[in-house]
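Just one chain follows, in the form predicted on its own, and it is written as structure tokens.
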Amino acid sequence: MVLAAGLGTRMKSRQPKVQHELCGRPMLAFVLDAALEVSGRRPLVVYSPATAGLTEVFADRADFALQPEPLGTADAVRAAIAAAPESVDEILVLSGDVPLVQTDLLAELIDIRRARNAAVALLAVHSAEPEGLGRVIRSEDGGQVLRIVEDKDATPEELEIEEINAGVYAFDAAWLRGRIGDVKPSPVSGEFYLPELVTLAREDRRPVVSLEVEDDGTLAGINDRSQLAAAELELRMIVNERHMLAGVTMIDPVRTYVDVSVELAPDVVLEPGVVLRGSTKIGEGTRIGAGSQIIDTVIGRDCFIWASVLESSEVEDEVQVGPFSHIRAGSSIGRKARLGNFAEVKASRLDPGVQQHHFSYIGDAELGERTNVGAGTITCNYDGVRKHKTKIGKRVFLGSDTMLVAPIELGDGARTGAGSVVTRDVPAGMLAVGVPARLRKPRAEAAPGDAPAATALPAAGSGQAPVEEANERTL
């Protein structure tokens, strides 16, 4: 059972506390993972009307029980028991706001309860900062747990105790079903506290056992944005260490931000300020330069990405991107392509060897192998109503400041002159120049000593007879 009905008012947020993310995942997702791994069963999440959105977000990960009014942890468990199968003979209770809880601790807690046939087993933490948390009250010899007292109900002497209740329990299910209704409300807050079951178990002369651990931060609950940031830092260091031990170089791990879902091959190098999010995968030998952000993108081997943003795209091997490039969603960059300063690509395919270097925009387009995109080139893909495609063949040369007004197609080996506005298709091997652009055959490359090539003949519409040999027309 995972308790997630609390309002989380200290987060000062429109969304439930347990939906706030750590390294790219909602904190509740980590708790559900731990619950499933240790129990082998689909977790049961307790929610309230204020956290009803959880039932949609985690519908494929958990079952749910409604706590109509959040009246405390015991009231939440009472609601969950009503929804739990009768066949269950052991219940593990977790808090949805403790995302770093470790499964080995949970397994050990369950083993201790079974070994002693205890009614209750709980995790007890020795903390130097126990403020706001329930204190563990023990017998004079320190061996037995007598009761748990909440911070707001504790006496000044009890507040001096540094052993706290982590809010993680294993219960004998049959005993819990019989006793959960006997929990009385707190005289101070009016809430029903789950730790009151410790007192009830002792009244029944049933063992209450504890697993005592030192405070390493993994059992800390998250109640506000400051604690969320602390947990994020703790988890980020765990994630980064795992990657570094697997062969990834992080020049400054403290300033490297990698989501838990990211996959990195050996010999990847991450410079300071890199942010890797979502389903990103990066191949062996690739270097991600300082300031780059990569989201849901697959990058191949031996690439160099420098101070650029890549999102929901695919980059093949030996590609160079940046600085200050932007590869937007739906793009595919072929092997050994080069994208330079302020190059933007959106929903386009650049085949191997394409060069797109300076201040250019390629959108809704296909570019063939070894095409060169001149500085300032733009695909005019949007007419104010619809997006249109641009198709560019192999070894095309686009002169600086070319505007390609889609829909349009340029054949293999076509060329455009600097500043051209191309509004219609350009056949293979032809040159388009002017505003609007006209077609002509490109000049032959003269050998040394040859006479200069002839210039193009007049365009159609000039009043002269059309010359078929010139193959020239207004576009």
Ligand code: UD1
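Rigid core here is just the name for the largest C-alpha set that superposes within 1.5 Å across the two forms. Sequential numbering from 1, following the sequence displayed. Only a predicted model underlies this, so the values are computations on that prediction, with no experimental measurement involved.
If you look for the form predicted in complex with this ligand, you will not find it shown, but the lines that follow are about it.
For the options 404, 362, 120, 148, the one in contact with this ligand in the model of the complex, meaning a heavy atom within 4.5 Å, is 148. This chain lacks the partner; the member of 321, 345, 194, 258 within 4.5 angstroms of this ligand in the model of the complex by a non-hydrogen atom is 194. Remark: none of the three candidate residues (253, 305 and 325) comes within 4.5 Å of this ligand in the model of the complex, counting heavy atoms only.
Only one listed stretch (262-270, 209-217, 126-134, 295-303) carries heavy atoms within 4.5 Å of this ligand in the model of the complex, and that stretch is 126-134. This ligand in the model of the complex is approached by residue 223, whose closest heavy atom lies within 4.5 angstroms of it.
Although the partner is absent here, residue 99 is not a contact residue: none of its heavy atoms lies within 4.5 angstroms of this ligand in the model of the complex. Contact annotation: residue 17 falls within 4.5 Å of this ligand in the model of the complex, judged by heavy atom distances. In the model of the complex, this ligand sits beyond 4.5 Å of every heavy atom of residue 375. Residues are counted as partner-facing when one of their heavy atoms sits within 4.5 Å of this ligand in the model of the complex; in 63-87 these are 67, 70, 71, 72, 73, 76, in sequence order. Core-superposed comparison between this form and the one not shown: CA of residue 405 displaced by less than 2 Å. Core-superposed comparison between this form and the one not shown: the C-alpha position of residue 186 differs by no less than 2 Å. In a rigid-core overlay of the protein, residue 137 has its C-alpha displaced by at least 2 Å between this form and the one not shown.
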